[in-house]
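Just one chain is shown here, as structure tokens, and it is the form predicted on its own.
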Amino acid sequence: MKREFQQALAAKGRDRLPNVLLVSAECAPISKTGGLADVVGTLPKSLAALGIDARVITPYHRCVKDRYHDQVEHMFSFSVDLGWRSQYCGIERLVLDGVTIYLVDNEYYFGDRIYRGGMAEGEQYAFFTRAVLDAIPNLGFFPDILHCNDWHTAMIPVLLRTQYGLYVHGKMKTLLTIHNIAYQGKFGFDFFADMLRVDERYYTSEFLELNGCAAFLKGGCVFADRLSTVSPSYAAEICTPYYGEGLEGILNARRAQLSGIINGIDTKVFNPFSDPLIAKTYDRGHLKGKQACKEALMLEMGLHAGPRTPLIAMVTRMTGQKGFDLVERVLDEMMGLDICFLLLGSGEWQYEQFMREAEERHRGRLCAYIGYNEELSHRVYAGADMLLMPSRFEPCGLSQMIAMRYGTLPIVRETGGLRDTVKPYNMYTGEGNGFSFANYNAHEMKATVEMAVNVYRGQPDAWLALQKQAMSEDFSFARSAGDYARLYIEML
């Protein structure tokens, strides 16, 4: 145990680190739709290295059953009361890479998609909320802290404080991490009364009410002992009306209990020195392999250009949040800079169609891979020269960290975690690990792309130095785990 942790525990009259149970709708590698799963799947391993027993509880989704059913051990079953319904709930245990994962089993709620959408999704995670709270006393593992993640688990602190106060686990501390405040789980008051027996006195703006309905996330923001989000800048941004999505009032009131902790990446999975998915391995001292990766990627994707033509990539969901309206506005102008452009992603129809049409206009220099391919993403991170992330807002972002790990320099808008991780190139001192622009403006983005292209072509020594600086950054979860450990101890 770190000496600082020992001292902090001693000040609280304790001699052991807290047990932590992470509660999440998804957990990599068993179930994943986005970065939330990566955080929940990786953080427990890094906490274990610090001496914290951290485990996960998550739904037993169909995708998990199909892949891991022969590794799962049944623990116990019981009935969950969901309004007038009495539903079966099984608790299974899976130990994967040293992490204990408890799986909440119910075929009706978790036998299909991870997120069913609409009222069906609300009912899914109302069931999960109740199942988690009812299962904890029988797990054989008693957490000091419940670490809840996003709206799907945000009613757990509410029910714990209003309905479980006399239970053995009613005094557990709760931490709610907001990964994306735009998703809040809003439903009518009758939904909460029916599904979770929430008393009507909590249907006010002081507690659950938001814009005429009730919200899972609003309840969590009110009742959780501590709040966190996934970067310091995003923690500040969501306290403002522009980013707060209606929750800026409660977040400002609780600013002293709100922390911003940068996510990390799995540096074993994303490692250019040992990655089996890329054409040739390399490290920051020997970057010739990166050129081989670029050549192989361009051949694979049907791109043709000279040796000094930069390859700019995007690995992203194609939504307005990710800045695709900016890309749509100036992509043809950027192609006039004599670049190659590669997109890997999917999303809103209008952006997918725009990229298909752009591929036709710039055949041989632009490739739009509509869809997602995990193995291809590794080859893109290794083979591209630059990664474009012009997000309107970005709570943390992982792609820019992965790109830097592979010596691919990010071009980002200065928001949220992008601002906290990407240090813009300083032409006078040579400092930096990428390029950035401040305003959400298409031509400011294009000017920053042009600056990066000019450095790539005209200042190879400066470019090489930037690559090495980017690859030297520590984006491992070890750093994030230390910050979470300090927060957990503060909560005891």
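All residue numbers are counted from 1 along the displayed sequence. These numbers come from a predicted model, not from an experiment.
Missing here is the form predicted together with a small molecule; even so, the following discussion is about that form.
At the 4.5 Å threshold, heavy atoms of residue 212 stay clear of the small molecule in the predicted bound form, well away from it.
Not displayed here, the small molecule is approached by residue 374 to within 4.5 Å at the level of heavy atoms in the predicted bound form.
The closest heavy atom approach of residue 345 to the small molecule in the predicted bound form falls within 4.5 Å. Within this chain, residue 149 is remote from the site of the small molecule in the predicted bound form, having no heavy atom within 4.5 Å. Note on contacts: among 130, 290, 322, 405, the single residue with a heavy atom within 4.5 Å of the small molecule in the predicted bound form is 322. None of 234, 381, 341, 216 but one reaches within 4.5 angstroms of the small molecule in the predicted bound form through a heavy atom, and that residue is 381. Of the candidate stretches 238-246, 328-336, 141-149, 388-396, only 388-396 contains residues with a heavy atom within 4.5 Å of the small molecule in the predicted bound form.
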